[in-house]
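Shown below, as structure tokens, is a lone chain in the form predicted on its own; questions about how it binds or moves come after it.
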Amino acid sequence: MAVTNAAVKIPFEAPAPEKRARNRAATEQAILDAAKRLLAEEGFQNFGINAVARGAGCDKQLIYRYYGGLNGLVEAIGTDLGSWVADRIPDDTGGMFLLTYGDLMERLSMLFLDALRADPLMRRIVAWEVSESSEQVRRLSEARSKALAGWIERMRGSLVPPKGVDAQAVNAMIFAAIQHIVLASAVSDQCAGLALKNSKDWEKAAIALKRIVRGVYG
């Protein structure tokens, strides 16, 4: 009886379109997550295609294929920051009755304070805004600012600031104060002599912030 050594050919079956779509979506998300993680941990100085590919566990060519390269990936992170605002600063009143523009800005200030404290990547981006002038940083900064402005427009309805108050300028100062105090606390657990080590310290800071908002907007 003759024995044959011919290899058995197994017909190739391409993955179903649904599976390919799922695999691509998972890979895109892995790349985006790796990019955000790398930025939060290392900053832009070590932010590159190879490093992101290693973090995502994928071939770097997939970054070019799905995002068009590093600039496209930064654009995607910027878009994701819009989702960050939606996730961290929800479009609801949180049980508050927003009867005045002051109510609105008090809620936004508290939400932004808590969100920034909880997110190391966003803190990095805020720090880059005042220390770097690269195109990448500008894109991320603009995406966040646009999302915050959109939240105010959606939530304020017919609410308007008091007559004679330049709300754009005042709100810029409020956001700047929040950003500075959060960044300072991350470095030294204090800001201008105000301890920021525990929940009681942060409660004191939040009360002071509310008083500033109310002092302007009532």
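Everything numeric in this text was worked out from a predicted model, so none of it was measured. Numbering starts at 1 and follows the sequence shown.
The discussion below concerns the form predicted in complex with another copy of the chain, not included here.
By the criterion of a heavy atom within 4.5 Å, residue 83 is excluded from the residues contacting another copy of the chain in the model of the complex. Another copy of the chain is not shown here, but in the model of the complex it comes within 4.5 Å of a heavy atom of residue 132. Residue contact check for residue 181: one or more of its heavy atoms lie within 4.5 Å of another copy of the chain in the model of the complex. The shortest heavy atom separation between residue 24 and another copy of the chain in the model of the complex exceeds 4.5 Å. Among 170, 62, 30, 40, the residue placing a heavy atom within 4.5 Å of another copy of the chain in the model of the complex is 170. For the three residues 177, 209 and 215, a heavy atom within 4.5 Å of another copy of the chain turns up in the model of the complex in every case. The stretch from 153-161, 62-70, 184-192, 49-57 that comes within 4.5 Å of another copy of the chain in the model of the complex, counting heavy atoms only, is 184-192. Contacts between 34-56 and another copy of the chain, taken as any heavy atom within 4.5 Å in the model of the complex, involve 44, 45.
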